[in-house]
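Here you get one chain, nothing else, as structure tokens; it is the form predicted on its own.
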């Protein structure tokens, strides 16, 4: 790879990293003020609204919840939202007029189930073409509202866990209703207002007109969707939702028109996840604790980006040898693997976006991951398989990383023969059992449904690329749904209604996998928060393993890599790894 290309990748990574680092403290500090009930800049305007909501809903602002009550509130809130969204989809043909100018029909029951679950769980897995399936009302009320609420739910779940870790001899972990109101009013609303205006300035439309029919120079017609994009694009990115109004998602110029919008959309994906890590350190009274987690996340992000960019820039040597197409970078063209990529973004921006969107539970794409080179495609697959703890989805990344932190101190305690401690509290059998259960949920969920998909025509009928790549597509699908990500190896026909058994199978099982990945995974982690809240702190001594320095960051990275490698390596060796070996040998499927 020419040095100028390496320099381009490093320069973009460096700029992104500096801005992400600089944003962590102000964003995290602001979130700390919100969730500890302190006064913020927006209190004069929004505090009366907050109090009014409490009065209307009869919520006691001072009331605390135990961890299981907090969890039940999350479940009740999510189930009601799921049912409302399902109803909106199933009654779509009667929206009429302004809300459905195209006269789109009702969404089918199976697809409506999958979509309602998908947006409820912050996954935004889309087995449909957005602009041709969902009406304006479904997009704005059913789906965009969930983008707000699922993001807020993930954030406050992490807040509850952090509150439990920071408290001493307490029984409660906060109030879900108070946390979600404050998150929506003071955090999401102000940022999204500014972000939406920025996107409109960049050229993202906010249009309620009927679709435009254009006549092309070739004498054919083209239907151009006129959709309110900007408001949904902003929360889709900031809330790490990922579901686009357009089928091409963030590769579409209506959703992501310029290199500047592309860069700031990537920055927004990590913005709140990064800030939550700093908030954690500030809340527990030692910001070094937060920076230790942040450093581990950053190392994993950087390794993933340079791995993906390197393999994509090297390209496919078979295209050069068999199709006689220039794939090496020269002074006149960048070379590499441009299949499935937008020219206005290129290889580096596409690899960086793919890494970021799968580090977080975002799933928005600006290039087709299915067209990546085998080991470049392994990067987003592995990112999701870790539980997306590399900054991660809003809230989900932090509480997933804290699970690994508890396991890491347990391993360190075994090494020195002491009871493990974290944040001055002893980590005992209950916490280790809960962390172990949470750790096992994801691989069981992913591998069970992937195995089920490939043992019958109900799953294999949707595989359009037989061989190792087809297995990679199935693994990617269920990994994405478990991780509440929503991106896909698009060669798998999960959204093809003509393949009726496969269409039904992937929509039904996918909905189940998404629910498990969101709520079953969260349950033992909130239990840890409740358990730790009741404990007293113990003074540090010479045998205490420090968890606020580089040694702990390195241990944390090692635990994540080893656990992911040992768990998924057998499956990956039959998919992307063997595909790379076959490609090197001159064979393709």
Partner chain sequence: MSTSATSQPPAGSPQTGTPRRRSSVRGLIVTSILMTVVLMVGTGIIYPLVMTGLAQVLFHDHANGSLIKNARGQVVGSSLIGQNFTKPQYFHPRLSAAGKGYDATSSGGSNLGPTNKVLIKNTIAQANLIRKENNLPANYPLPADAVSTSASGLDPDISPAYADLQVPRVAKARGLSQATVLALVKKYTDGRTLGILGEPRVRVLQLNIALDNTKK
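Positions refer to the first chain, counted from 1. The structure presented is a predicted model; accordingly, all values stated were derived computationally and were not measured.
The form predicted in complex with the partner chain is left out here; the points below concern that form.
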Answer key: of 286, 307, 196, 108, within 4.5 Å of the partner chain in the predicted complex (heavy atoms) is 196
Taking the partner chain as it sits in the predicted complex, is residue 212 in contact with it (heavy atom to heavy atom, 4.5 Å or less)? yes
Going by a heavy atom distance of 4.5 Å, is residue 336 a contact of the partner chain in the predicted complex? yes
Although the partner isn't part of this model, could you tell me whether residue 59 comes within 4.5 Å of the partner chain in the predicted complex, counting any heavy atom of the residue? yes
Tell me, yes or no, whether residue 131 is in contact with the partner chain in the predicted complex, where a contact means a heavy atom of each within 4.5 Å. yes
Just to confirm the contact call: exactly one of 288-296, 337-345, 270-278, 496-504 touches the partner chain in the predicted complex at a 4.5 Å heavy atom cutoff, so which is it? 337-345
Even though the chain is shown alone, can you say which residues of 535-571 have a heavy atom within 4.5 Å of the partner chain in the predicted complex? none
